[in-house]
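Shown below, as structure tokens, is a lone chain in the form predicted on its own; questions about how it binds or moves come after it.
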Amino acid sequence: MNWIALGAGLVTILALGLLLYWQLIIAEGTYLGPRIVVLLYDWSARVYERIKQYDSGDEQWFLGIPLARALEWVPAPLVLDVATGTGRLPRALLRQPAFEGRVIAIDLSRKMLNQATHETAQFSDRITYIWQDAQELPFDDGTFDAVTCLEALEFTPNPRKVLHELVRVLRPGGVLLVTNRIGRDARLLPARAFPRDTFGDVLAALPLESIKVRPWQVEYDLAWAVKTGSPRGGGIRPLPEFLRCPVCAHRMEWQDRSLKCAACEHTYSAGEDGVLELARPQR
């Protein structure tokens, strides 16, 4: 009887271990809610670059150079990088001599953003970091000449909603660059990762054209697309012209190092590292 109880206990421990591995390592907390996802990224922020072992040469070759070329026709393009992490995409893009624009980068992990400010310090005059959720982007429709979201959709509560938001804030003729999780682990992310053979159809259901989905990494496909409509855009505008209050969606104005909404009177300050903290409204 004791052997049976011991065996049952070991099976239970093994099952719990596999469950935790799935939830915390493979799914990175996505099924446990945004707070757990953010907590995991906050914990790993300082070592994230070492864990992922990104190759800066590959990043520039496969991300920075083609995106800069796609935006060559736009004068002073404005780019949004969603779930920027440690500023991987901004670095790859801003290192390109052909790119003369500006990047707005958002993430829900405050410590990842703090790390990003250190990683991209040489470009600080061309990047604005914003602490904010990607599910409801606080920007006007048709604001950006390019919108990117890399290796993040599968860790959001509603990937389809995020895709709609990415396209909403993209200008007609603007470039969308987004990834989709594939491979063995993708099957363990139901309702988060899109089946590989349907991702193109998911994008085609949005106001997008020239959709190209290509293998990129072992675990990801990379999709390029253009928003339908007559191309327009270019020209960097002051942030209050297109940024909206996350609480009431009204416009805001600068007051010293803070943005204040005249409608609901919420104030959003910039941290000591310069990150605009929209996720922390104050009154």
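All figures in this text were calculated on a predicted structure; none of them were measured in a lab. Position 1 is the first residue in the sequence shown; the rest follow in order.
From this point on, the text means the form predicted together with a small molecule, which you will not see here.
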Quiz prompt | Partner-facing stretch of 93-101, 139-147, 152-160, 195-203, counted where any non-hydrogen atom is within 4.5 angstroms of the small molecule in the predicted bound form | solution = 152-160
Self-check item: The unique member of Leu222, Cys245, Leu67, Val37 whose heavy atoms fall within 4.5 Å of the small molecule in the predicted bound form
Solution: Val37
Self-check item: Heavy atom within 4.5 Å of the small molecule in the predicted bound form - residue from Tyr31, Tyr54, Phe62, Trp254
Solution: Tyr54
Quiz item: Is Ser109 a contact residue for the small molecule in the predicted bound form, using a 4.5 Å heavy atom cut-off?
Solution: yes
Exercise. Please run the contact check for Ile127 against the small molecule in the predicted bound form: heavy atoms, 4.5 angstroms, yes or no?
Key: no
Quiz item: If you check in the predicted bound form, is Asp133 within 4.5 Å of the small molecule, heavy atoms only?
Solution: yes
Quiz prompt | Partner proximity in the predicted bound form: Ala186 to the small molecule, non-hydrogen atom cutoff 4.5 Å | solution = no
